[in-house]
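Next comes just one chain, in structure tokens: the form predicted alone.
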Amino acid sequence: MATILEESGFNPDADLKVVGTNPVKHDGLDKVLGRAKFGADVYLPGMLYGKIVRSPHAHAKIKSIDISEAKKLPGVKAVITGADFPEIPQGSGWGDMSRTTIAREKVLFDGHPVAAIAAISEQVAKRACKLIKVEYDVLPHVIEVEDAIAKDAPILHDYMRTKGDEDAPDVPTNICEKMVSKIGDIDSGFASADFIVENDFDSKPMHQGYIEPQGCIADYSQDGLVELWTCTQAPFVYRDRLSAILKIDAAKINVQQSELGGGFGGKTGFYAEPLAIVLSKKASAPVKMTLTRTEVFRGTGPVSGTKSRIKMGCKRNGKIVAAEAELYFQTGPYTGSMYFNAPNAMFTRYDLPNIYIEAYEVVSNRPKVNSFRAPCVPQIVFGVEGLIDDMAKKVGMDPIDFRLKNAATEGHTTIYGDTWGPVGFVETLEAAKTTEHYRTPIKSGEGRGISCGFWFNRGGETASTMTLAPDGTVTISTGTADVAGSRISIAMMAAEELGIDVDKVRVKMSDTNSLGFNRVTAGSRTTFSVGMVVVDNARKCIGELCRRAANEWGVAEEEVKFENGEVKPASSNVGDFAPMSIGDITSKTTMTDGAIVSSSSMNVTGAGPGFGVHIVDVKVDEGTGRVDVLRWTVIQDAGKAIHPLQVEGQLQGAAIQGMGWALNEEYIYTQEGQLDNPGFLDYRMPVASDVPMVDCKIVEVPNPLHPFGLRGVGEVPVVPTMAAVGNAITAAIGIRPTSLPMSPPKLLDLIEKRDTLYP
């Protein structure tokens, strides 16, 4: 679809008045005061309360489910099992999604839903859950990725064969997919290397750690229409997936977004929503379901655990000549880990002539994984950037200089086939080297680590409308969820383009009946993509404002111009007409010509890749294995920071999340395959006393394909985090950690090995 934006990109000489400032977020006060409506804050007349019965086993056949006693309990209005869902074959994408929602033949992880109840109160629903009798035939289970790929591993699915591996035997397997990525000749590359480094790495699943548990209300009407209120990053994707697994026309499902109490990718997949819809249909009443924190941990998607072997080689002058990797990713019981991001991103930021990567996706008896910022990439970059440091030491180079020598620049063609325009990797490295942090000598007993990260950044299907009110104020309707404060940035871009104050612009998140399809809010795409569409809408509105002003003055459209929020004569020859503001024009013409409304829908392209560098100082207590993070600096290319404080918030939040992943966060299972730490008390996330102040330096190398030059900033800053901490720990204790998280017991074991090897 052709748009006005095809003819214009970023103007580096533009006199920006709104973009680049830090106005107060329009939605901030309601959130601070507790008035914002989140997923669990919606109530409907006559609604019921839903609860889920979950499997206590990691892997078991379902022999029978007896719901008779639960149905008899006073106050119970509906009970459902997998038999209440449309039958979709196993092994198909929709069949797997349906079985993740509620088990059929087997349960495949501790916490797998097997039934659900709707009752007049939560208390009644909980009592009814205890009355449901499920008879299981417990099967051997597999939790860790290395156990899942073993020859004698328990098999989750008899039908599964390895997709993408022509040499795989025709026997059941837990390896569901294989991907090979390569550039050049890997054998000749290593043959030419003067130094070769290699190591094995592993990481455990961790949870996104959003504050708000999932919550929804579903109302299935008598005429078959579904209204769904939910906290989601993907309203349109939810609608279409619900349509597919419930066999309901998409036009009959309306998903309404609530405020979002964090997501980080974890709210791109649904959990209670299909259950609530089927319960509502059966009970003929609205059904509300809110997960407990324990359910969030047991039943929603963590990130992939990994096992990897990475090998790299370089010349004496520091030039990297070869890189090789074998990667395994846990995906839970079904495919969908987005593991393919890692081969495409793990080495991408370095100009490497020879690369060979084999990546595998592996099923196991854990909850199906979900996205987390830069899915599947940070835990692999942990190993890559560790080896980069090891090579820099071997050739005797400063770690930043080593990375600068190998940095990819404009014109680089990636392993996934893109050729870059202007990129800011070199600029971020140079900025990192000049920071006060990097120039300050490290103290005795402490360690400093640096690491770099890359993310593709995404575009995708995006639709929006813009309406000018008679008083000149502006309403923008978007179909993308506001995960991290994007509404203010969107309002700022519209205000900049229209030449008005940002307080005159309001952005609302619309339901799926109001707009065309919008892709999920993920991949650092939202501000970039919606910005393109909003600018397109603004320019369409400006065209209509000029047309109406020209009519008012009785002149041709080409004889007027729009400037600083006003329509003016294009020259003194046109006539002595007083400039007309947006409000002047809309107030005069709305009753006669109708409202000025524009809509735009496009598959946005041109998202510029992003790069970041992290510098971390740590101190390790060698008696306990405790790591104190003393100092952290993040340097990142934002292209153009629309709202600099928002960008800093993204960088700081990513650093802290990565710190938790690096040092403590992991799912811990019992021998029976049950999650042993399903709560924030035992699942150790960083708290305020754990973290240092995170300094930020924003680099701006504009993306020429966006009207305001921006690049996405949400994914990049988490990619280098664990590697930066790992490199700092290595510098502090003299031996490299290779397993995430780098918790005290693991570090104590490393220190003991060091002292044994190097007494």
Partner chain sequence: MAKAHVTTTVNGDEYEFLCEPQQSLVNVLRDELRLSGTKEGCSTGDCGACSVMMDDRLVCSCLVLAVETEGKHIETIEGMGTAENLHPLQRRFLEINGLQCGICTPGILVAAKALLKKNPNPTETEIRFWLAGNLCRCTGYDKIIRSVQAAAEDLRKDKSNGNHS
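Numbering follows the first chain given and starts at 1. Please read all numbers here as calculations on a predicted model, not as lab measurements.
The form predicted together with the partner chain exists for this protein as well; it is not shown, and the discussion that follows is about that form.
When the partner chain is placed as it is in the model of the complex, are 495, 562 and 566 each within 4.5 Å of it, taking any non-hydrogen atom of the residue?
So, no: the whole triplet misses the partner chain.
Considering 127, 504, 307, 161, which brings a non-hydrogen atom within 4.5 Å of the partner chain in the model of the complex?
For this set of options, the contacting one is 127.
Could you tell me which one of 213, 583, 606, 353 places a heavy atom within 4.5 Å of the partner chain in the model of the complex?
Answer to the contact question: 213.
Considering the partner chain in the model of the complex, find the one stretch among 677-685, 551-559, 149-157, 132-140 with heavy atoms no farther than 4.5 Å from it.
In short, 677-685.
At 4.5 Å between heavy atoms, is residue 689 in contact with the partner chain in the model of the complex?
Answer yes; at least one heavy atom of residue 689 falls within 4.5 Å of the partner chain in the model of the complex.
Does residue 746 reach the partner chain in the model of the complex if we count a contact as any heavy atom within 4.5 Å?
No - in the model of the complex, heavy atoms of residue 746 and the partner chain never come within 4.5 Å of each other.
Under a 4.5 Å heavy atom criterion, is residue 203 part of the interface with the partner chain in the model of the complex?
Residue 203: no, not in contact with the partner chain in the model of the complex.
Do residue 358 and the partner chain share at least one heavy atom pair within 4.5 Å in the model of the complex?
Judged by the heavy-atom cut-off of 4.5 Å, residue 358 is well away from the partner chain in the model of the complex.
Could you pull out the residues of 644-676 that have any heavy atom within 4.5 Å of the partner chain in the model of the complex?
Heavy-atom contacts within 4.5 Å come from 645, 646, 648, 649, 650, 652, 653, 656, 657, 665.
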